[in-house]
Ligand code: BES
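Below you'll find only one chain, the form predicted alone, shown as structure tokens.
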Amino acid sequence: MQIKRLSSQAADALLILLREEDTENFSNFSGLDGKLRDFVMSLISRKDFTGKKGSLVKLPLFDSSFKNLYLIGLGKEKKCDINLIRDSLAWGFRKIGRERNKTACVLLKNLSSYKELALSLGEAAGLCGYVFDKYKTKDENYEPFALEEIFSDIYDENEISTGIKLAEAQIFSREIINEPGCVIWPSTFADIAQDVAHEFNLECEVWDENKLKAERMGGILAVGSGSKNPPRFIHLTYKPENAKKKIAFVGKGITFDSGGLDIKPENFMTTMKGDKTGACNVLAIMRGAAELKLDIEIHGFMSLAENMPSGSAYKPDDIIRARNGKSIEIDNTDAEGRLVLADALCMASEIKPDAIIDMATLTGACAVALGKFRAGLFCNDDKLAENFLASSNRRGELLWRMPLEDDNIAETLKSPYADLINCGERYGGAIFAALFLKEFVDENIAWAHVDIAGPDFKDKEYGVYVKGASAFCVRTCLDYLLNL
């Protein structure tokens, strides 16, 4: 997708986003010739278009340099923000592209007071046309999305380029997440990581099952013990000269989660190819950071395993030992993500970064608490939480800070047979998991845990998202790095 500065009023489609107040003063709207302005004013005067939030009018144009007109309503000005504008742009571009328009003109000067408008335009354009259809049989006329060029009256090359790179990173993660478990398992994921490292000049270390045993990575080994596809641990490093900070990202990479011997019910096992989202996001963040040429040293730690039932699988009542020496009693083999993260968080702590951020589709409890459109943030440092939430709000990937201090729930972490137990009672499950992870993070390091189980997978499309993997939090993490 190319975004160019608007130089002439001619394209297959014309897209205009209007607030309700804009329709009341449309005679002052700049950027349209008189005949077209009069036409839109007639639609407004007849109440065919009012600017109500979520409204869309699409009309063919005759005797015009545009073939089709798309009007999208943003609602009341006081309730309109940059996230609504980004989502509306993505929605509009998606419709334009699916309806076989190859070029589009978008007029945004009426919205120029909103911060990061050009950057959000780049995100919307980059994300709008994504579809995961590589396994569909296609005939010679198959063309799911035609839009190739966008011309805008708001143009900032650097901001638009940044927005497109954020979008590309998120799509890169989506592509891997959407791949089924028969395509992506720990070693094939490691192959992709090595390809990324080679392309973007990153340092890459991959540990196989023998190295994992030698390095005392008991959590990853246990979770992967039931699969014919052995686990892997990946450490990528992006190290520019004169880096001003060192940040570590940690991702859960369960390439398929059956639940293990505590097997999931049928309706909970579908979409479990997406249990690798955390690791996919970390890989995408490393790729995006290199593309953006950030002046920050960044480390990506990814724990990869398949959680499968078999004669060699780990079992309830087993006691395993994580890298930092803490013993863990297994109460439930479907509480596996925290085990692979435990080893990775130990590794991240050992390099003494300024902050550690981990991402995981960790608990259904967090999805029950916050729904499918918001992730939970657990953080031991107020400044890190403040900055990360600010990035989340700018990118429209909404988070809610959850409690990380709860003595009553912490008490249930104790096992009569080991230092910790991996699963507690149903209530407070997301907090229990976060407190469990905290046991493997150096207490002197700022740390954030993002439970993305709710918004990880979309049942239907809206805004910048289509059905399938969302790769939620990739753009937030890159925004956080951009604003350090």
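A residue's number is simply how far along the shown sequence it sits, counting from 1. All figures in this text were calculated on a predicted structure; none of them were measured in a lab.
The same protein has a further form, the form predicted in complex with this ligand, not shown here; the description that follows concerns it.
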4.5 Å heavy atom contact, residue 448 and this ligand in the model of the complex | no
4.5 angstroms heavy atom contact with this ligand in the model of the complex for residue 309:
no
### Task
Decide whether residue 362 counts as a contact residue for this ligand in the model of the complex under a heavy atom distance cut-off of 4.5 Å.
yes
Is the gap between residue 434 and this ligand in the model of the complex 4.5 Å or less for some heavy atom pair? no
> When you measure heavy atoms, are 248, 283 and 481 every one within 4.5 angstroms of this ligand in the model of the complex?
Replying inline: no
TL;DR on 402 to 410, 225 to 233, 364 to 372, 212 to 220: the one with heavy atoms within 4.5 Å of this ligand in the model of the complex is 364 to 372
The one residue among 380, 332, 327, 187 placing a heavy atom within 4.5 Å of this ligand in the model of the complex is 332
With the partner omitted here, the residue among 358, 123, 343, 257 that in the model of the complex has a heavy atom within 4.5 Å of this ligand is 257
When this ligand is considered in the model of the complex, the residues of 253 to 287 having a heavy atom within 4.5 Å of it are 257, 264, 272, 275
